[in-house]
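Encoded as structure tokens, the following chain is the form predicted on its own, with no partner shown.
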């Protein structure tokens, strides 16, 4: 049975995203040219520009797909948690699992920030949005709740630095323990 136009369109988009992802990991955004992407995907330039207005749009589509996959993994692994703390710790473990996908750390934590600095980026990070929700539950009733935005930013940065360190050979268990200590410190009763 022949595929529908929609199926062919989706398949072409997926092939372009996959080819671009591979090249962005191997060469980086700046060193990857659109003719290379077209050749790797085995499609025409017209097909590329039918789906994406330019290389930047294709890059951000790759980044969005990666970030959404990370967020989905975190959601799936923390959905059954019995407390906000447990959800955040399970989410941290799922984040480290998701970031262990080959090339993902380079794409999300090296290439995307570099490109963001150049063109101010696009979209929001779904994993950071989930972290903010989790922290708001963890900190409910705490004085620290008024610091939710800066805490989300700082803890998100800690997760990113930990993922890079793990990608470079750091001991994951040590980083998971550090995240637990950090979260426990946020909910500990203030000293008087």
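Keep in mind the model is a prediction, meaning the values are calculated, not measured. Positions refer to the first chain, counted from 1.
What comes next is about the form predicted in complex with the DNA, which does not appear here.
The DNA in the predicted complex is approached by residue 54, whose closest heavy atom lies within 4.5 angstroms of it. Proximity of residue 69 to the DNA in the predicted complex: non-hydrogen atoms within 4.5 Å are absent; the residue sits far from the partner. Contact check for residue 35: a heavy atom falls within 4.5 Å of the DNA in the predicted complex. In the predicted complex, none of the heavy atoms of residue 150 sits within 4.5 Å of a heavy atom of the DNA.
Shown alone, this chain has one stretch from 43 to 51, 61 to 69, 152 to 160, 129 to 137 that lies within 4.5 Å of the DNA in the predicted complex by heavy atoms: 43 to 51.
Looking at the DNA in the predicted complex, residues 105, 113 and 116 place no heavy atom within 4.5 Å of it.
Residues of 2 to 28 that come within 4.5 Å of the DNA in the predicted complex, judged by any heavy atom, are 2, 3, 4, 5, 8, 9, 12 in sequence order.
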